[in-house]
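What follows is one chain in structure tokens, specifically the form predicted alone.
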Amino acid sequence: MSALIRKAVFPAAGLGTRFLPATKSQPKEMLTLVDKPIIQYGVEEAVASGLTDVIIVTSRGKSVIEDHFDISADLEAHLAAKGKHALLEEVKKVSSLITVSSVRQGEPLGLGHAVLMARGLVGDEPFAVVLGDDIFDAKPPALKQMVDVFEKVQSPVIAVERVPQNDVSSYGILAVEPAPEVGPGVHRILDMVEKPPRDQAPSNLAIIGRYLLTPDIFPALEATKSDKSGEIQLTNGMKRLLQDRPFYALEVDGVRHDAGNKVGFLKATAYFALKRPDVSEAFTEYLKSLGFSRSL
């Protein structure tokens, strides 16, 4: 019987130092692109991909993330009394998107450690890992494209993107062989290298922020040693598991934004603003007044 992907783990315990001082008092995941927090884009993608449960790996001071996806009775009553029905429906939609639970990561010990923290809530079933900094505009949604591949291979699937050779040392990079029998843009993974020097990278296929993993990743992560920074890297845990089972990579068909740095965040804000009918016209006129064209 084929296993189904129902749960998505959202690692959200980081300090968000790239966005200080804003992240001194609010989680990076709650910074807004137009009018939605970064993390909501990923949650909506999970919902649109057929997933039913979200597990947020948080840390001290981040309860506001869970609050965002909870019912806000006072706010809903206020909007109803004021007759602001469109806003009321938008607020209700947020709290009804998906079942949300959370677990604490006491120390920032790496992405692999964050995934390990979710083990008790994931259980013995395959699951997704969603890095909220990576925001996709894709049809079908990025996770749905990956789920379709997983349903064929019943093995871990990692989202990848071709990056400029100058950037390979900022990513986990894969050595692969084509797997056209599975589908277009699918590769079987031969090896994984975390942030290789440019002249030693096996390809320019970079791991990006979506993973579909099987529960045997947990013992593999437990057996993975911390790196020199004291962190357990998810890539190293997957590389260990690769010795025992096949892994696949999918080049996602869509546009990816890296909102984890200031320039990427600004680009994503402009991109999604220009796609919004309620603000695109006025925003376009503003950009024109600054000397930019609509094509930007």
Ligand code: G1P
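When you see a residue number, it is the position in the sequence shown, counting from 1. Just so we're clear, the structure is a prediction, and the values are computed from it rather than from any experiment.
Note that the form predicted together with this ligand isn't included here; everything after this is about it.
Put simply, Ser49 is far from this ligand in the predicted bound form: not one heavy atom of it is within 4.5 Å. Taking non-hydrogen atoms only, Pro126 never approaches this ligand to within 4.5 angstroms in the predicted bound form. Although the partner is absent here, Lys195 is a contact residue: one of its heavy atoms lies within 4.5 angstroms of this ligand in the predicted bound form. Although the partner is absent here, Thr58 sits far enough away that none of its heavy atoms falls within 4.5 Å of this ligand in the predicted bound form. Looking at 140-148, 220-228, 205-213, 180-188, the stretch with residues near this ligand in the predicted bound form, meaning non-hydrogen atoms within 4.5 angstroms, turns out to be 205-213. Leu111 is the sole member of Val122, Leu111, Val130, Ile135 with a non-hydrogen atom lying within 4.5 angstroms of this ligand in the predicted bound form. Of the listed positions (Thr235, Thr269, Gln40, Gln26), a single one reaches within 4.5 angstroms of this ligand by any non-hydrogen atom in the predicted bound form, namely Thr235.
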